[in-house]
Structures are given as C-alpha cells and as structure tokens.
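Here we start with a single chain on its own, the form predicted alone, put down as structure tokens.
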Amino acid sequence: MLRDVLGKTFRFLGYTVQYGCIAHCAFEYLGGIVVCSGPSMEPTIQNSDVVFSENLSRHFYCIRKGDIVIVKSPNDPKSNICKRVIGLEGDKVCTSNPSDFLKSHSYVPKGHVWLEGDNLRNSTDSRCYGPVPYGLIRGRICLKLWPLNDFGFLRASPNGHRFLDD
C-alpha cells in the first residue's frame, strides 16, 4: 500500500514538473496575455485593455519600426511598459517633445531601440530615459483581445510623422 501511494505521488510530481516546464516555455518563448495600464498608448491601447504579446520576434530580432512592444522599464526593472518602436539602431530620431519650437535629433546607438507612447503629451518614454537596450524587450503586441468591440490587430501609429526616413 505504501508503495502504491509513493508511486502515485512520484507520478503526480513528474507530471507536474513536465507540465510546468511546458507552461514556462510557452510563456517565455511563444507569448502571453497582458493587461495594459496607463494612458501613454491612447488611443491605440486604452487603460485596462487586454492584449496578446508574442515573444518570438524578440528572439529572432524581428522587431520593426511601428511595432508595439512590452519592455522591462529602464527606470523600474520590476515593472513592464508598453510603447511603440520609433527607431532601431542607426536610425535618426526626433528627441524633442511635440510642443518644442526647436526640434533636436539623435541617432539610436547599436543594440538599442527608441520607444515612444502614442499619447505623446502623456507618456514617459525614450524622450525622458533615452534609447532602450534591445535586451529589455519582452515581446511584441500583435492582437487586442479586450474589449471585444475593439478585437483585432492593432492600428498604425497616430504619430506617423515621428518616423524619420533619414
């Protein structure tokens, strides 16, 4: 009887470890569901919207200008932020605020990206903390799940003029 109980216990532990490993790999490499908070990505993503973030793009260096990404915050490593990629390494970006009369520009250094919120007047982003290391990117948001009336792929940036071709 003790043998049966131990056998069932070890079998249960084995299955638990296996399924735990599968779940870890799925969330680490495939993606997961994220609840976004804050006004920085309005109108594209509203406070409390639920989105799907896929993680394969960051592993294969497939992040492009215009993508919305989940990133470890440069100011607080315990939290994640949601921003749009405005520039990749070597790109010329506008580093000034929209209300600034004189515009300043800079180049994104190697291994970094330039991130901005869609709500430029209410976003703490690369204009405050500078270029963000590529390694801080956790995933790329590809689909809005909630609210259901806004379900689907995300729309283009309302700040398309911020993308420089130079």
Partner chain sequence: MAQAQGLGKRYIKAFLKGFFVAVPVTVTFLDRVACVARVEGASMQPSLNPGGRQASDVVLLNHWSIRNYDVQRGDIVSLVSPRNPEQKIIKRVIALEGDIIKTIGYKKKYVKVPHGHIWVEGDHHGHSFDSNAFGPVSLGLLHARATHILWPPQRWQKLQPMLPPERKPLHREQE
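Whichever C-alpha set is largest while still superposing within 1.5 Å between the two forms counts as the rigid core. Model, not experiment: these values are computed from the prediction. Numbering follows the first chain given and starts at 1.
Below, we refer to the form predicted together with the partner chain, which is not included among the displayed structures.
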property: Interface segment, criterion being heavy atoms within 4.5 Å of the partner chain in the predicted complex, picked from 48 to 56, 30 to 38, 62 to 70, 107 to 115; result: 107 to 115
property: Contact label in the predicted complex: G130 to the partner chain, heavy atom within 4.5 Å; result: no
property: 4.5 Å heavy atom contact, R11 and the partner chain in the predicted complex; result: no
property: 4.5 Å heavy atom contact, P77 to the partner chain in the predicted complex; result: yes
property: Interface membership of G135, the partner chain in the predicted complex, 4.5 Å heavy atom rule; result: yes
property: Cα displacement of L13 between the shown form and the other one reaching 2 Å, rigid core superposed; result: yes
